[in-house]
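Below: one protein chain in two forms, given as structure tokens, structure 1 then structure 2.
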Structure 1
Amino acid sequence: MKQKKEFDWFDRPESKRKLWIWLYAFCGLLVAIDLFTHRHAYFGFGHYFAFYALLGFVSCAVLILFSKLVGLFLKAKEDYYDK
């Protein structure tokens, strides 16, 4: 009996490359749209070009780095409480 081939598209290197391209393209497109639209400024800075893109990028980078930093102190071995 012939075995059904497993769906493994996401494991393939060429798929990963494609996904990266799509991700960059989508991000680029969203930022590009800012060139043609005008957002209402809530606090005097919400309307800047690519404001939300920058906010997302910077805040996530900071969150990851910060959690990495506090992780040095807060991470413990799994049997920490059993000892």
Structure 2
Amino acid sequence: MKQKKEFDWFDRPESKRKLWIWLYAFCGLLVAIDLFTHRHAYFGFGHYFAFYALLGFVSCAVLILFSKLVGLFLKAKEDYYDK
């Protein structure tokens, strides 16, 4: 197996901090753009501010929780390959 580099860019604390700042800035920019866009919503709740951002976040969170639940049932035992 390939050994990991000692000083990988993503492992440095200052790089992690920069990535989090960029993530927050980008998400904030996308929500701010919502103030200037005109949506043609099919349902009444589609006109609410940041509705689609919240819908995407909740959908992603539900997918992650569902995959963890399914993983509990599909997980192989630790000694599966030792037999």
Partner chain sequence: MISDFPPAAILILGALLVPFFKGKAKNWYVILLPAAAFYLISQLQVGSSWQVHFFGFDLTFLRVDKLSKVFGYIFTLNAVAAFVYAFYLKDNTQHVAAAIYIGSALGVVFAGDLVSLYFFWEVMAVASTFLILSRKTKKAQAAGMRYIMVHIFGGLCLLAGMVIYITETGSIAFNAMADRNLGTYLILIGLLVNAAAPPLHAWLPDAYPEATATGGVILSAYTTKTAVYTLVRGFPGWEILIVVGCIMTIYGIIYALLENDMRRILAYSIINQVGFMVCGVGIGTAMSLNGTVAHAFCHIIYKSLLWMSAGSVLYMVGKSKCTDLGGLYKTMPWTLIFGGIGALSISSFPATSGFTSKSLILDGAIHEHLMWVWLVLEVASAGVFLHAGIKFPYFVFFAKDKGLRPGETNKGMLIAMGFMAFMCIFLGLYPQPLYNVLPHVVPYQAYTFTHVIAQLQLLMLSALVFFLFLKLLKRTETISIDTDWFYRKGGGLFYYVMDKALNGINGVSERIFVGGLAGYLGRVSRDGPTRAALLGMVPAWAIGGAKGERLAIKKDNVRTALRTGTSPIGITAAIATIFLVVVFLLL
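Computed from a predicted structure; not experimentally measured. Heads up, when I say rigid core I mean the largest set of C-alphas that superpose within 1.5 Å between the two forms. For numbering, take structure 1's sequence and count from 1.
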Inset, instruction - Please match the form predicted in complex with the partner chain to structure 1 or structure 2. - result: 1
Inset, instruction - Look at residue 57 and decide if its Cα position differs by 2 Å or more between the two structures after superposing on the rigid core. - result: no
Legend entry - Yes/no, residue 48 Cα shift of 2 Å or more between the two structures with rigid core fixed: yes
